[in-house]
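First comes one chain, alone, set out as structure tokens in the form predicted on its own.
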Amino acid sequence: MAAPKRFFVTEIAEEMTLSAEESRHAKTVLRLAEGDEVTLFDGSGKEYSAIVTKADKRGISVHVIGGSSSAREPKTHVFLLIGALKGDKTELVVQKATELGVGRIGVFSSRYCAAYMNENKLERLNRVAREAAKQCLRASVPPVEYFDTLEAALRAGAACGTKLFACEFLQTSEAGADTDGSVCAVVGSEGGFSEEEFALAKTLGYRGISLGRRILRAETAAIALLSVVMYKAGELA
């Protein structure tokens, strides 16, 4: 028997109607009908069982019958900072980072960053995170935020126990990808980082990490680093 279909909601109530976007998907794609069971999540780490009570042109109404904490949420908090990427590459990183279990995502502008960000793009990235969380059965959604300078982004991650700064010009890593309670992982845009930006990161407690002898695309570097961090944290076991 297939698992109940999952829907994101902004607020949980015993009786509620799904958003217009979720209702449209439920009716036209999934063909849900009265009596079908669904799972709701609001991004808080909990998920809720519900029964469809009405399915008409006004939307999908449900009755919530119970909730519980999800067992799929990672124990290690990981904050990804990624330079804004061209095209839809930032969306790809947000999608894969959400699937891997990050708790927070920051997109930043830096010296060699050639992409730009606006409110519509940021909302699109948050929508990608919600859809990825739904697909991989997470019950929380990492918020995606924008920092207009690298320094602002680095300071946002300063409280993390382990702070890793991926640098393509490092010959050897100054740190391993071991975790210490929480992790902030920083990866640049297509243009990488300058020596001055690396020096700034070091003054804020970040340690340089190399991703090997080959130069990786920015999106590959982000996914590779997160995979290693999650493995070291025991989240991929």
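On a predicted model such as this, the values are computed, not experimentally measured, just so you know. Numbers for residues come from their place in the sequence shown, where the first is 1.
As for the form predicted together with ligand SAM, it is not shown, yet the points below apply to it.
**Student:** Would you check, heavy atoms only and a 4.5 Å threshold, whether S182 touches ligand SAM in the predicted complex?
**Tutor:** So S182 does not count as contacting ligand SAM.
**Student:** Can any non-hydrogen atom of A221 be found within 4.5 angstroms of ligand SAM in the predicted complex?
**Tutor:** Residue-level check for A221: yes, a contact with ligand SAM.
**Student:** So, E168 and ligand SAM: in the predicted complex, are they within 4.5 Å at any heavy atom pair?
**Tutor:** Judged by the heavy-atom cut-off of 4.5 Å, E168 is in contact with ligand SAM in the predicted complex.
**Student:** State yes or no: in the predicted complex, is some non-hydrogen atom of Y206 no more than 4.5 angstroms from a non-hydrogen atom of ligand SAM?
**Tutor:** Because no heavy atom of Y206 falls inside 4.5 Å of ligand SAM in the predicted complex, the answer is no.
**Student:** Select from the listed residues L211, L40, L32, A201 the one whose heavy atoms reach within 4.5 Å of ligand SAM in the predicted complex.
**Tutor:** Spelling it out, the residue with a heavy atom inside the cut-off is L211.
**Student:** Decide yes or no: are M117, E123 and F147 jointly within 4.5 Å of ligand SAM in the predicted complex, with each residue judged by its heavy atoms?
**Tutor:** Contact check failed for every one of M117, E123 and F147.
**Student:** Based on heavy atom distances of 4.5 Å or less, which listed stretch (45-53, 64-72, 192-200, 32-40) is in contact with ligand SAM in the predicted complex?
**Tutor:** Stretch 192-200 is the one.
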